[in-house]
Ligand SMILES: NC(=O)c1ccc[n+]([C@@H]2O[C@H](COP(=O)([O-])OP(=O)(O)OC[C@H]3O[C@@H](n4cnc5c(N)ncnc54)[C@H](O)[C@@H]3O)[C@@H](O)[C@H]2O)c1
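One chain follows as structure tokens, the form predicted alone.
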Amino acid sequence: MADRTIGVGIVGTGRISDLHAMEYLQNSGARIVALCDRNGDRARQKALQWGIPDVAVTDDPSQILANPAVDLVEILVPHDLHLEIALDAAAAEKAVSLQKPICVSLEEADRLVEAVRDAERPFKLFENFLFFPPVLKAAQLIKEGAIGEPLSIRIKSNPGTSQTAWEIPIDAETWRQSGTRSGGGPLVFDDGHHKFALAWRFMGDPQEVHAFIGNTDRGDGLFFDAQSIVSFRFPGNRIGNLEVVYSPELEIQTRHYAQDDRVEITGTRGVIWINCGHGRLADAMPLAVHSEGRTTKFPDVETGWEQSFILSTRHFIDVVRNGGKPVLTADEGRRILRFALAAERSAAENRTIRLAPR
């Protein structure tokens, strides 16, 4: 497939689709040929907004899968719909990019992992934070030994308010309030997937997870699963935690979600800080490392959150055209789902959840 342009069909044209479409619209190796949304008017509006007015539009995912011009399906639908559409896409022999999380249960994830295990076309669980430039740079520095062996990871997720944030359609928020549809809360489980993926990327699979997950009324009829803290222990006497705090009056600089993310990784000989994510607080250095008695700052690392989507999509286009391993694979997506579900279960049962080694 390296010698021709990949035809892309997008199933689900909600708010997040703008970021998923960016690289497909500018990469010469791919082009969007079809859009699908149960709200056909929304899909047609996206086609006009993206400058592809003649693209095929439907409200039926099966028409996307039956379209011979579609080589790759980007699935951006509520979590409870992931399994059915992804299974159908794999059966139709399409390359698949499925928005995180992989499914809402491990039983569903097992079915999907098995279905794509021997598929001829690649399957990817879309996780953009692993392609966020400060995260990529941190991973490179750690691989080079900048902080020695990582011993702990601390992740802070801090939603607030923003005068510059994008508008989120109400239907994109309401389905996330349902545990049946979403699989868990909007911050710890849904957005938390990014953070659990980061912890897994730098520390591996946890052996124990313990969580307290709060419940805060936002005042608009919706809730946030905050204030919350999730602690995890890894093999080799290593630890980590995720802290989620909703600060309703905290102004955050952002073009996307009104949220800031910060990460601190401590190793045997140094510390590395990632000081931004969805948005930014103040003028903190995006990336810094302290080792051997001195601090090195990286002011020029790209911090636009959209770059994580662009780079993630670019990587998968290359995998589909030229071969290679997607990031994340279905099995890796299941491992992160296991991590996230352990946190939800721990909070519900008020006990530590011990996970068997893989």
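The first residue of the shown sequence is 1; numbering continues from there. From a predicted model like this one, the values you see are computed outputs, not experimental measurements.
Keep in mind that the form predicted in complex with this ligand is missing from the display, and what follows is about it.
- Remark: residue 81 counts among the residues lining this ligand in the model of the complex, judged by a heavy atom distance of 4.5 Å or less.
- Using a 4.5 Å cutoff between non-hydrogen atoms, residue 99 counts as a contact of this ligand in the model of the complex.
- The closest non-hydrogen atom of residue 11 lies within 4.5 Å of this ligand in the model of the complex.
- In the model of the complex, this ligand lies within 4.5 Å of some heavy atom of residue 39.
- The three residues 76, 176 and 190 all sit with a heavy atom within 4.5 Å of this ligand in the model of the complex.
- Of the candidates 172, 229, 139, 239, 172 is the one whose heavy atoms come within 4.5 Å of this ligand in the model of the complex; the others do not.
- Note on the partner interface in the model of the complex: the residue among 273, 200, 131, 257 having a heavy atom within 4.5 angstroms of this ligand is 257.
- Per the 4.5 Å heavy atom criterion, this ligand in the model of the complex is contacted by stretch 99-107, the sole one of 202-210, 153-161, 263-271, 99-107.
- Using a 4.5 Å cut-off on any heavy atom, the one residue of 44-74 that reaches this ligand in the model of the complex is 61.
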